[in-house]
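Just the one chain here, the form predicted on its own, laid out as structure tokens.
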Amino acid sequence: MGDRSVSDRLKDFEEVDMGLSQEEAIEEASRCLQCKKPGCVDGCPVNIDIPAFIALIANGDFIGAASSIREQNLLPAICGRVCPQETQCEELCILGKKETPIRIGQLERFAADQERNKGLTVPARKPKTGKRVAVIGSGPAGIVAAGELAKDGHDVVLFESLHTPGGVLTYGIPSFRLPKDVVKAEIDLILAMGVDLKLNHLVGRTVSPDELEGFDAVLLGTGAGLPYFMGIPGENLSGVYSANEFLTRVNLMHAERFPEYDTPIARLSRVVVVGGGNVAMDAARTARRMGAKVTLVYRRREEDLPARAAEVHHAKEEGVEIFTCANPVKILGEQSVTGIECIRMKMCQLDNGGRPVPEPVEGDTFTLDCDIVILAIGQGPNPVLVSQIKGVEKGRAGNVVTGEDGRTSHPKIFAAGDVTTGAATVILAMGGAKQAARSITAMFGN
């Protein structure tokens, strides 16, 4: 896609990628070989009929293409922007063996945007079943589960603890990567199917678990909102943020526009972001838009960065300096952050995922001056509700244990998304939510 210029995009939070024109989309779609055994479909966690929608785009039927996608994916405009297609559907595209694979994600985004511009049509629902399902959390898992259950004819109540639905889509992913009007449009479409959204309802606090007894089934989609910390000296200093808090303050509560909005954030001048995933890149790029000089510290090599290549590319373009093979050992300062001490890392044997295991180089340390440290080293399942539910098996990391069908050890409770896997991708959460919704419907005998 064509990107906005760096000088322009650092001035605002508008979307960086401009998307495909109609001519570009048709030309790209026309490259598809229409394989008899399309590997791309196997690589899609929600099993979109990828050749079918691409063929419709190639023939100029953009709305038909969007309708084809929506048969399996209720959030196509979102997925077209944030899914890691390069390691899923596009990785299995046969064209990738000799040339560039079909840009499936960009075509999905294009079709969904065309549909949204024309006006979205509410998906049809099956006849009412009389069954009531509570879905806890309105992130990608919860919102997709709610939509699938509503399509099946069940009455769905969707509980959200915050004042805006969307979960990580709203509070975690910045607008320059996922515009909030895109998120709102796709969520509104699901709500239009009859889903009853209850905002500012924190199940486990303002709503007790006992109040869920009146539902025929419960689906947990509470995500992974518990940030991890390193356990190093100085983490309690003023100016240390988890990436979760930092991004929530900006994306959801508009801290970048204080005092227009009443959520302040520490003045950003020199920022160090610790981590190498997409969340780390989001935090670093957000800090750059707030005027900071940003350094990202990652303990492995650059080729080991877990963030998408496009996000690393954009971060570098926007002036984020990346220090690899380094790991913080101490955050410096008396009351507020003044710097961070790091140690050099050497790469040793490979772990189970094929990445080298980093080990510190004794005595080889250096210091970076900074006034803000943002820790983006991972997140775990939100414990507020999970810890209170009896009869649900939990894993060592606090995750809810389920079978492949989304069933927990409790006969009426199902779970999907990051609360079961730990922090993962939007599309994997959606895939799990679809499976859990199917299991609930099957339990009802529908």
Partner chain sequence: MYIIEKSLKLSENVYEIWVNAPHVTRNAKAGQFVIIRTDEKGERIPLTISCISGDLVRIIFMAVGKTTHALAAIPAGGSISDIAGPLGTPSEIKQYGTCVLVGGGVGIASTPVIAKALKEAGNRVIGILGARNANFLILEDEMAEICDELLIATDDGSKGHHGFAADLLKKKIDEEQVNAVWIIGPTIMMKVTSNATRDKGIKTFVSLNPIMVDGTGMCGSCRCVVGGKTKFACVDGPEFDAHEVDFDNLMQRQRYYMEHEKEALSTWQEHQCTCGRHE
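Numbering follows the first chain given and starts at 1. Remember, it's a predicted structure, so these values are computed and weren't measured experimentally.
The next section is about a form of this same protein that is not shown, the form predicted in complex with its partner chain.
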*May I ask you to state whether P127 is within 4.5 Å of its partner chain in the predicted bound form, using heavy atom distances?*
no
*Report whether the minimum heavy atom distance between T248 and its partner chain in the predicted bound form is within 4.5 Å.*
yes
_Contact with its partner chain in the predicted bound form for P123, defined as at least one heavy atom pair within 4.5 Å: yes or no?_
no
*Should E341 be counted as a contact of its partner chain in the predicted bound form, where contact means heavy atoms within 4.5 Å?*
no
*in the predicted bound form, the residue from P174, P101, G153, G239 that sits within 4.5 Å of its partner chain by heavy atoms*: G239
*Can you pick the one in E213, D351, E359, D262 that has a heavy atom within 4.5 Å of its partner chain in the predicted bound form?*
D262
_Within 4.5 Å, heavy atoms only, one stretch in 104 to 112, 254 to 262, 292 to 300, 343 to 351 touches its partner chain in the predicted bound form. Which?_
254 to 262
_Using a 4.5 Å heavy atom cutoff, which residues in 217 to 239 contact its partner chain in the predicted bound form? It's fine if the answer is none._
G225, L226, P227, F229, E235, N236, L237, S238, G239
